[in-house]
Ligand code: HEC
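The form predicted on its own is given below as one chain in structure tokens.
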Amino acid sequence: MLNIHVKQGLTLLICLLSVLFAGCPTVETGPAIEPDYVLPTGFPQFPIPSDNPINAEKIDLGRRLFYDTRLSSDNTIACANCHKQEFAFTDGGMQVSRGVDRELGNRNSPTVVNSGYAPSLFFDGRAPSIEEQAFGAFTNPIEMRADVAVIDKFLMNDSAYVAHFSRAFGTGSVPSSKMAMKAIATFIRTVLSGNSRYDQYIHGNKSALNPSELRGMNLFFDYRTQCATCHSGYNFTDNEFHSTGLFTHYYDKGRHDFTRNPVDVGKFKTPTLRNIALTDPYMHDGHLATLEETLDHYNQGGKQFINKDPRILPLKLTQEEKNDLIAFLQSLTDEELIHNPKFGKK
């Protein structure tokens, strides 16, 4: 009788498992996961999509595609054109970037560093994943303006890419624009930064910051400035959307363009402050050229605007205090990031 009950139990278990997993999404097959990246000290594991697991070959493929101008309609623009390693993966010095045919965009290029932790991408948060953010830039008419069918054909006819896609996604995988965006997203997830002098200080090297930087750090985390209430956590962002009173009228309505909610007019995503000294100019439209101008904006409390965050108030900082805050922000630069050959063009 015991054997009969055991068999019946096993049969029931198999049936239940069949029902349970019948409705689960299938996951593409490919090489076993081989994380070829190192998380910065104190950082949690970033989310990895179930349909885009990480392996070393996919990171390598994504890196190649990130720097390949042949993915644009005129063969002049790659992801790396607007996200340069030496500028912490922004378009350093450019108020807004130029796309195909030298067309100007309307927003400053944000960094892609540590974007694997972001629940949404773009200044208005319209992309819920790096894959969708990459595809958005890929097909945008004033960025890369790619024709998906044309790029699919190019990838399928390039023997080197056929081999790379096969290694990254599994034997027999047919290259496509969609898979290319998955590979690019995988590479971007591994572009991590968390070894600034500030990080070294909080992890035990008490000589990493000088007196001015320490005073600036204390001001940054003080309730008086409230800097850290929006620029919070290990990545110095709350990943939320705020109006900081940049204008009294917003032609670019920011988050509102996605939600169509009047309370979102003039709200933009809080950018990370990591490597901020390398990512000028500042704000969503890049109209503040320097850290000094940006800090002056906050010190004055911004302009009057109905949706302005109530925390944006005059700070009444002295010149010495402003200098100290800027010194602290400069200590967030990660030299390892900008010189790491694993992130550069192959």
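All of these numbers come straight from a predicted model, not from anything done at the bench. Position 1 is the first residue in the sequence shown; the rest follow in order.
The same protein has a further form, the form predicted together with the named molecule, not shown here; the description that follows concerns it.
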Students should find that, of R167, K84, R98, K153, the residue having a non-hydrogen atom no more than 4.5 angstroms from the named molecule in the predicted bound form is R98
In the predicted bound form, the residue from R107, R215, K253, R197 that sits within 4.5 Å of the named molecule by heavy atoms: R107
Could you tell me if all three of K269, T294 and L315 have a heavy atom no more than 4.5 Å from the named molecule in the predicted bound form? yes
Does any part of D264 reach within 4.5 Å of the named molecule in the predicted bound form? Heavy atoms only, please. no
Looking at the partner-bound form in the predicted bound form, is T229 within 4.5 Å of the named molecule by any heavy atom? yes
Do I59 and the named molecule share at least one heavy atom pair within 4.5 Å in the predicted bound form? no
If you check in the predicted bound form, is H284 within 4.5 Å of the named molecule, heavy atoms only? yes
Given a 4.5 Å cut-off on heavy atoms, tell me which of 171-179, 203-211, 158-166, 112-120 is the interface stretch with the named molecule in the predicted bound form. 112-120
Heavy atoms within 4.5 Å of the named molecule in the predicted bound form is the criterion; list the residues of 121-139 that meet it. L121, F122, F123, R126, I130, Q133, A134, A137, F138
